[in-house]
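We begin with a single chain expressed as C-alpha cells, specifically the form predicted alone.
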C-alpha cells in the first residue's frame, strides 16, 4: 500500500499542509491499495507563487527552448508508459487495452503540441499593426478522475508550448495515477516552477486557483455544474477560462448504414472507458424501418462483451471507478425501467459471477423517448439508449434536442451524405464512420458542454493573448489627412 503525502511545488516533492486523508481502493476487488493526504489552500498558494516566479523566464523563452522541453516531457512519459498503464488499471479499473491507449496518448500529447508550436506564427502583420501572440500567464489546469494521465499531459503540453507556467490540480479521486505521472514529468528535468501539481479538494485548492489574482488562465475538464462554479469565481479577476464539460452524445445510424459494421463501432463508442466518458455515444438514433434489425444485431453483439478483471486481455469492460459511480448508474437503470424503456441487454445489479467490485452490467434500452431521463442526462456509465427517428430532419432534430453538444457520430455508406448531416449537428466535433478522433483537431463543446477548445493549434492559442503594436507613419504632406493629430486622444473621435 502506498502513502502519498506530498505535492510537487517548485521542482520538488514537498509535504502537504492538509489533514484529510483519503483511502484508495482497487475498484475491481474493493481492496485498499493506497492513502492520499490532500493538499490545502496554503499548498495551492505556494504552487501559484512558484509558477509566478517561473513565468518571468518562461514567457521570454524561445520556440526552440520550449520544443526541447516538450520533447523531454514526451520521452519521460514514454519511459514510464508501463507504470502509467498499470496504475490506470489498478486504481481506475480501465481494461488493459484502454490503459495502454491512455499511456501512449499521454506521451503523444507532447509530440502533438510540439508539432503545433513548430509551425505557429507568434507575430504577424495586420494592416498597420504588428500583432504579437504572448503567453497569458500562470495557468491553472484542472483534470478529472476519468482520464487523469491524458488530461494532465494534454493541458500541460498546450500551456508549455505557449509559454505558460502551470499549477495542475488533478482530481483527488485519481491520486495514484497523478503521482506516477508527476514522477515521470519530474524526471524530464525542467526548471523549477514551470509546472506544479497539487492534489486537493475543489472547495479549497480549486477555489484558490479560481479566485487567486496571480492565476491568469483556467483550463477545466469535468462536470457542467462544477465548470459553472469555476467560471463564476474566475470572473472576479477576469481570468481566461476554457471549460470542457459534460456530454450526451448522439450516434446517428442513417438508413443506408451498414449495420453489421456500424453497430460494433456505436457500442464501442458508447461503452468506451467503461462508459465513463463525456464523449460516449450514449444515444443511438435509428430509423423506424430498421429498428428490429438493429435491436437483433445489438442483442447478438452484447454476448461478446466480457465484463471482469481489467488486467485480463480478454476483458472489454472493467468496473466503474468507485461505489458512488456504481450507485449512480444503478439509479439510472432503475429510472429507465420506471419510465417505460425496454431492456434488450443488461439491467440492474452486477454481472453474474462478480460478487465484489464496482461492476455494472452493460445495458442497452430500446423504446426510449427523447424526453426520458436516460436520454437527457449524462449517466457516466455503460448505459445506452436506442431512439427511433422518421427521416433525416427528425434525426438531426432529435440529436440536437439536448442541453449538451460535445461530440456526435454519424454512420452511413455515403460519406458525403453523412458529412452533410454532420454539418447540421450542434456539436463541437462530429466523427463519420469512426470512433477515434484526430487529436490534432480542436476538441470542445457547445451549449452546456463547454467553452473554448483544446488540442493542436487551437489548444496552443487558447493560452495566448494578442497584442497589437501600431507604429506611427511619417508625417503626411497634408496634416488634414489625420485630423486627430495634436488634438488629444484618438478616443475623442469615437
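All of these numbers come straight from a predicted model, not from anything done at the bench. Numbering follows the first chain given and starts at 1.
Form predicted in complex with nicotinamide-adenine-dinucleotide: not shown, discussed below.
*Asks:* Sort through 146, 182, 402, 269 and report the residue having a heavy atom within 4.5 Å of nicotinamide-adenine-dinucleotide in the model of the complex.
*Replies:* Checked against the cut-off, the match is 146.
*Asks:* Tell me, out of 317, 333, 263, 142, which residue has a non-hydrogen atom within 4.5 angstroms of nicotinamide-adenine-dinucleotide in the model of the complex.
*Replies:* So the residue touching nicotinamide-adenine-dinucleotide in the model of the complex, by this definition, is 142.
*Asks:* I'd like to know whether residue 363 contacts nicotinamide-adenine-dinucleotide in the model of the complex, with contact meaning heavy atoms within 4.5 angstroms.
*Replies:* Close contact is absent here: in the model of the complex, residue 363 is far from nicotinamide-adenine-dinucleotide, nothing within 4.5 Å, heavy atoms only.
*Asks:* Is residue 359 near nicotinamide-adenine-dinucleotide? Define near as a heavy atom within 4.5 Å, in the model of the complex.
*Replies:* Output for residue 359 is no: heavy atoms all beyond 4.5 Å of nicotinamide-adenine-dinucleotide.
*Asks:* Could you tell me if residue 137 has a non-hydrogen atom within 4.5 Å of nicotinamide-adenine-dinucleotide in the model of the complex?
*Replies:* Flag for residue 137 set to no.
*Asks:* Can you tell me whether residue 150 touches nicotinamide-adenine-dinucleotide? I mean in the model of the complex, with a 4.5 angstroms heavy atom cut-off.
*Replies:* No, no contact at 4.5 Å.
*Asks:* Can all three of 302, 411 and 433 be found with a heavy atom no more than 4.5 Å from nicotinamide-adenine-dinucleotide in the model of the complex?
*Replies:* No, the whole trio is out of contact, none within 4.5 Å by any heavy atom.
*Asks:* Hey, of 306-314, 241-249, 420-428, 84-92, which bit sits against nicotinamide-adenine-dinucleotide in the model of the complex at 4.5 Å between non-hydrogen atoms?
*Replies:* Selected range: 241-249.
*Asks:* Going through 205-220 from first to last, which residues have a non-hydrogen atom within 4.5 Å of nicotinamide-adenine-dinucleotide in the model of the complex?
*Replies:* In sequence order, 206, 207, 210, 220 come within 4.5 Å of the partner.
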